[in-house]
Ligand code: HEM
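Have a look below at one chain only, the form predicted alone, in structure tokens format.
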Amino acid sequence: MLATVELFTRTGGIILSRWGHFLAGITWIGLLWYFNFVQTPSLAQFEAGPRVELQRKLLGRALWWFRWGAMFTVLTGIMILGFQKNFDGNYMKSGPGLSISTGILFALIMWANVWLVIWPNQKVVIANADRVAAGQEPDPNAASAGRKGALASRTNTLFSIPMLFFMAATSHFAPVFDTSKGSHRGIYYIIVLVIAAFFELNALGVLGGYAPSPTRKFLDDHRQTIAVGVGIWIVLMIAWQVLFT
């Protein structure tokens, strides 16, 4: 009886956590792509007045769903790990374990960008829009805050491309690869960490500040952002082929 209850509880937990993960993830990444592929390029063509109104009346609501979508994506992801028995033992050394850990790394960086960079800076932008609408002087920090948030958001966009692939690849791609060699796994993790660190430090202004530069050119055009995200995926796919076949 206890075994049956445990199985039912675990099965139910697996189903609900995965369903919740999909729903939250769609909300999060859908809004991320909306901001970067639709809203930001369109806002550049708005007159000052309509742009301020959009920032006041739309941005706050969209960012509420955006940041809490990110939060619940991470929380339900943790739930999935908790309910799955196959995460015990040497799972993280297997192909699926390597794939899911790659996706998790990018997702956690993206989550941190949402809550620690994008949202704090966008609050400054929204508050500035309220000031302007009330006839007050603009906040001189609003432009730099908007720039910081935009760089982090574009970086999340390019990270989302390999992140989504490796999340799905856990079941559909990774199991056929031989990841038994610890030295090869180590090399792979170094490649992933170097890529993640470079692009994140670039977004945070550690590598030369926030001004336009060659290392940030691809973040100022959403088409180039997509291309770089695909490029990261290609590099990691090549690493899988070389190291694990």
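The numbering used is simple: start at 1 and walk along the sequence shown. All of these numbers come straight from a predicted model, not from anything done at the bench.
Quick note: we don't show the form predicted together with protoporphyrin IX containing FE, though the next part is all about it.
**Q.** Non-hydrogen atom within 4.5 angstroms of protoporphyrin IX containing FE in the model of the complex for each of R61, V117 and R154
**A.** No.
Q: State yes or no: in the model of the complex, is some non-hydrogen atom of L158 no more than 4.5 angstroms from a non-hydrogen atom of protoporphyrin IX containing FE?
A: Because no heavy atom of L158 falls inside 4.5 Å of protoporphyrin IX containing FE in the model of the complex, the answer is no.
Q) Closest heavy atom of W233 to protoporphyrin IX containing FE in the model of the complex, within 4.5 Å or not? A) Heavy-atom contact with protoporphyrin IX containing FE at 4.5 Å: absent for W233.
Q. Would N121 sit within 4.5 Å of protoporphyrin IX containing FE in the model of the complex, counting heavy atoms only?
A. No, no contact at 4.5 Å.
Q: Spell out, yes or no, whether the shortest heavy atom distance between N141 and protoporphyrin IX containing FE in the model of the complex is within 4.5 Å.
A: Although protoporphyrin IX containing FE is absent here, N141 would stay clear of it in the model of the complex, with no heavy atoms inside 4.5 Å.
Q | One residue of L54, I26, L204, I187 in contact with protoporphyrin IX containing FE, assessed in the model of the complex (non-hydrogen atom, 4.5 angstroms) | A | By the 4.5 Å heavy-atom cutoff, the listed residue in contact is I26.
Q. With protoporphyrin IX containing FE left out of view, which of A133, L81, A127, A112 would have a heavy atom within 4.5 Å of it in the model of the complex?
A. After the contact test, the surviving option is L81.
Q: Note that protoporphyrin IX containing FE is not shown here; using its position in the model of the complex, name the residues of 147-179 with a heavy atom within 4.5 Å of it, in sequence order.
A: Heavy-atom contacts within 4.5 Å come from M163, L164, M167, A168, T170, S171, H172.
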